[in-house]
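Only one chain is shown below, in structure tokens, and it's the form predicted alone.
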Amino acid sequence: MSATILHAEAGASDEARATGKSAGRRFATLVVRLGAIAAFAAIMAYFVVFAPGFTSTFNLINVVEQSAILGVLAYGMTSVIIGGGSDVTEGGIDLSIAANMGLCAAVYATLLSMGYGDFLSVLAAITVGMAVGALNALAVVGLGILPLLATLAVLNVAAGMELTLTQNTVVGASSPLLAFLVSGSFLGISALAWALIVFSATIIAIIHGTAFGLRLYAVGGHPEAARAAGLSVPFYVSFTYVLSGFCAAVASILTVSRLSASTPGSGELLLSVLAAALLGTVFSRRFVPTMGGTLLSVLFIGLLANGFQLLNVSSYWVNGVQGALILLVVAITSFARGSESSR
């Protein structure tokens, strides 16, 4: 009987230690998360005080306009992370999205320069973007290659095709659609800013307001349970990569409108896209990617770059800060996963 009592006491002691460890990890996660949000707030407060014109209406609208391209790309990346899971090494990711945008921009600008109208040029850009997304889906879902490696390979394919098409030169473009995106406005808000607003509302409604979006979260968070419930996991994962390609195509039209041309070097946006998509998890209650969180992180990155510019700080610092933010978010999500698994 005494052995039974000792065994029960040992079991209770182990359970108490496990409970204490889980509580400690959850507390550490909360501290890190609140610390991150406090740091963001402190940075914004600093810009409000020391950056001239930071809070002016004109400047804030300008930030939204400048964030349109990053926002559309970040939504594509977020959808892939939602559908494929947020594990950094094996989960969903699309490293080719920025290069895909560059290829779509080259196709769009080249067709315009050849005399084709907006309709055909836009259609071609969207087709190319979704085709690259389908190639990613084939590599990840069909061939079973890790998303990190598959999309890295497709990145090089898209970048090579862009350079082949443009011969590494700037391709100028002009059209009624581009003129509208550059100079059009409604209620004092530019067409580019409206593009981000409308696109954000649409994708948030689809992902967070429909049964399809709920199933997408189920596939990314618990693929085995989703498969047991009768959901086609390959279809949903493939859909996210094609959607990411569509977002790249839309962003390509926006970037051509801003620059009046297709220019090499679109791949440099990848770090910003990753930072925006991953940073969005900080604004989520359960540390999962959300479209609303991505929108907040996109605006934060836009305000960060804008604040540095107003303070005459080199833009190179923005890349360093974005890299630090990615490390921070990975640390936070690792804490969160550890807390969930220890329950």
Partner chain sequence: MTRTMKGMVKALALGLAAACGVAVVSGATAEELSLKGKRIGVSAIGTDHYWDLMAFRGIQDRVKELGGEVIALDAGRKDQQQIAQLQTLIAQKPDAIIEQLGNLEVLNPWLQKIRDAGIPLFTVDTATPHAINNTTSNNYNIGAEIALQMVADMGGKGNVLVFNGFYSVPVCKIRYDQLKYVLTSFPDVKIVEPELRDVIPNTVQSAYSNVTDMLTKSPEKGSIGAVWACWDVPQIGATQAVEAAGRNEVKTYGIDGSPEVIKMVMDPKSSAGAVAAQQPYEIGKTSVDNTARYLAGQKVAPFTFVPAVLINKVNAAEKGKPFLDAAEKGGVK
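The shown structure was predicted, so the numbers you read here are calculated from the model rather than taken from an experiment. Positions refer to the first chain, counted from 1.
Separately, the form predicted together with the partner chain exists; it is not shown, and the next lines address it.
Q. Are all three residues 167, 182 and 309 in contact with the partner chain in the predicted bound form, where contact means a non-hydrogen atom within 4.5 Å?
A. All of them do, each having a heavy atom within 4.5 Å of the partner.
Q. For the chain seen here without its partner, which of 301-309, 288-296, 41-49, 275-283 has a heavy atom within 4.5 Å of the partner chain in the predicted bound form?
A. Result for this chain: 301-309.
Q. Is there a heavy atom of residue 317 no more than 4.5 Å from a heavy atom of the partner chain in the predicted bound form?
A. The answer is no: residue 317 has no heavy atom within 4.5 Å of the partner chain.
Q) At the 4.5 Å heavy atom threshold, is residue 255 in contact with the partner chain in the predicted bound form? A) Yes, residue 255 lies within 4.5 Å of the partner chain in the predicted bound form.
Q.
How about residue 172 - does it come within 4.5 Å of the partner chain in the predicted bound form, if we only consider non-hydrogen atoms?
A. Heavy-atom contact with the partner chain at 4.5 Å: present for residue 172.
Q.
Contact with the partner chain in the predicted bound form for residue 268, defined as at least one heavy atom pair within 4.5 Å: yes or no?
A. Contact check for residue 268: yes, within 4.5 Å of the partner chain in the predicted bound form.
Q: Select from the listed residues 156, 260, 127, 110 the one whose heavy atoms reach within 4.5 Å of the partner chain in the predicted bound form.
A: Here the answer is residue option 260.
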